[in-house]
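First, one chain by itself in structure tokens, the form predicted alone.
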């Protein structure tokens, strides 16, 4: 009886959150998946087939390339930044400033971020004019914000601090006895990192890279503001179709693009959960 009462109370507490998730997440997601496979004429797979071929296949490839590039580069830089900061004293002002900046920058994106980069590194940006006075023309070098590597550069602004925030707690949780034990057995600092620290941190690093991939793949307004060619990316293809900029009756293609995207992101999130459990066993 007591167990039933406790379960009833827990269900009552969880009801508001469960209702929000059901109404604003599960129901829209299931509706989109249903419309991707079912039409007035019955079950069909042609929408999914179209979403994975032709121009839309290229969009998925471009979005994947951009997401993987920023995840790898941002992950490496964020990891090294976390290692450097972890070695600082807890009272260090640089450490506090880096943590504060990471918390803000990791959540920054969209049009404000694009405008900030335009003001600094755009064709008429402040830094662009300064470098031009020193004989360095970014435009002639092909470094523009509307290019692929321009997108990568902007994305790194929020990818690096996000990786920093993911890795920092894991570094803090590393037990000093592991390092002391390795050194007592004659291991150098490089051997400790290669044979002890990195294998333990590997699930966290892969988890962080996957989170960065998901974060970049779902980014929308930043590239839209940076370049009209950003419309080649999957999120903007979806926007273009579902806003009615296609022939009437083509909405099912937009639903199919969303379904494929959700499938890719769901696969990444499942991988993240598996890796997090593995890391938890290391710390147990």
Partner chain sequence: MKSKFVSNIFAIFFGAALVSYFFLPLLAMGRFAFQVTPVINLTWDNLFEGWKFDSITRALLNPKVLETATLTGGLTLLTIFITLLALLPIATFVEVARPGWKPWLTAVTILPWIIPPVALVVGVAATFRPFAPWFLSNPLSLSFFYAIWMLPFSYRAIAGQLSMIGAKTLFEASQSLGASTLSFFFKVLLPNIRNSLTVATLLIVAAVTGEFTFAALLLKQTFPVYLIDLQSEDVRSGYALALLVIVATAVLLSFVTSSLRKRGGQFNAIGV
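Residue numbers count along the first chain shown, from 1. These numbers come from a predicted model, not from an experiment.
There is another form of the same protein, the form predicted in complex with the partner chain; it is not shown, and what comes next is about it.
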| item | value |
| --- | --- |
| Non-hydrogen atom within 4.5 angstroms of the partner chain in the model of the complex for each of 56, 174 and 275 | no |
| The partner chain contact in the model of the complex: residue 45, any heavy atom under 4.5 Å | no |
| Contact of residue 37 with the partner chain in the model of the complex (heavy atom, 4.5 Å) | no |
| 4.5 Å heavy atom contact, residue 29 to the partner chain in the model of the complex | yes |
| Exercise: residue 221 in contact with the partner chain in the model of the complex, heavy atom 4.5 Å | yes |
| Single option in 77, 187, 136, 200 placed near the partner chain in the model of the complex, where near means a heavy atom within 4.5 Å | 77 |
| Residue (of 165, 206, 72, 143) lying close to the partner chain in the model of the complex, criterion heavy atoms within 4.5 Å | 165 |
| Residues in 150-174 close to the partner chain in the model of the complex, defined by a heavy atom within 4.5 Å, in order | 153, 154, 156, 157, 160, 161, 162, 165, 166, 169 |
